[in-house]
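Only one chain is included here, represented as structure tokens and corresponding to the form predicted on its own.
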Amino acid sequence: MSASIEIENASVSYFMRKVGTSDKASEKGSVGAQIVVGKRYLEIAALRNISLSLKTGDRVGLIGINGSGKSTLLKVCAGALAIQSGSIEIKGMVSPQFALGSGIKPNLSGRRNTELKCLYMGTPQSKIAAATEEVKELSGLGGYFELPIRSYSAGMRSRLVMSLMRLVRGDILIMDEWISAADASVNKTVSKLQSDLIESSSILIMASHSQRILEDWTTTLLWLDRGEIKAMGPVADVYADYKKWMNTKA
């Protein structure tokens, strides 16, 4: 089955109860989504009337300033966030890379956490043991893999989470920024895992501020501004317009 994402006139808002001087919240700033002040609530218009059609082979990058709606759109494409209006249809297995570290249980060992992540990601029961050993080897944690996560340093926990990338499988790969490991000894491995994931996926949607990464891995660039699509087209063309726009704002 071919993978696809069909979004038509989709809108997403977050709501907050008004407090104090909330009436001033409608003032325009240089970042963030539009804020609509109601009688009792503030509406943060994260996405507005987004239409997008993606099919097998598409490699799409997202750009936009903070609060432009990139993360919200990624969550919508991952099926992790409901839309308030419009329609969305997703065909294919979705792998949101930004969720790798979620659900890690500090009182369980690296091994047990890996086994649970295997189950969560749909790894066949017969392949869990082999996948777990592969994660252990990639992480380089040695005996610590058998100890509770709470005994790990921040770097050790990061090593485990990065190594869980080996378990990711899916038709639609969603990435919120390219992951770079602080530890140079694992950075090459992490980059290779990400490259393999991208090449094996049917559809890629990636948010990044890096022109080099966008040019290397995507062919189409979608520019979001205040929850709306400002431009969409070849990476070089849209990124050039985005840079000019950013320079005028600066």
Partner chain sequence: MNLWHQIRPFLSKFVRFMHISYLEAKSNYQGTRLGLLWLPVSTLLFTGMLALVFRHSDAMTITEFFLYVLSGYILWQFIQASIITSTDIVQRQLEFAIHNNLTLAGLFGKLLMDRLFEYGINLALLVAVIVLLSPGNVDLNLALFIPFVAIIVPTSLAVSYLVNAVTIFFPDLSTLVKTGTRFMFFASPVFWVATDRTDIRTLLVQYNPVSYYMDITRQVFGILPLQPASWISSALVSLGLCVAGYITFVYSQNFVRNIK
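The structure presented is a predicted model; accordingly, all values stated were derived computationally and were not measured. Residue numbers count along the first chain shown, from 1.
Although it is not shown, the form predicted in complex with its partner chain is what the next lines describe.
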| field | Candidate from 138, 161, 94, 131 lying within 4.5 Å of its partner chain in the predicted complex - any heavy atom | value | 94
| request: Scan 165, 156, 108, 90 and let me know which has any heavy atom within 4.5 Å of its partner chain in the predicted complex. | output: 108
| query | Do residue 173 and its partner chain come within 4.5 Å of each other in the predicted complex, heavy atoms counted? | reply | no
| Exercise: residue 103 in contact with its partner chain in the predicted complex, heavy atom 4.5 Å | yes
| Heavy atom to heavy atom, is residue 98 within 4.5 Å of its partner chain in the predicted complex? | yes
| request: Evaluate residue 126 for contact with its partner chain in the predicted complex, applying a 4.5 angstroms cut-off between non-hydrogen atoms, and reply yes or no. | output: no
| message | With its partner chain taken in the predicted complex, which residues across 71-98 come within 4.5 angstroms through any non-hydrogen atom? | response | 75, 78, 79, 80, 81, 82, 84, 93, 94, 96, 97, 98
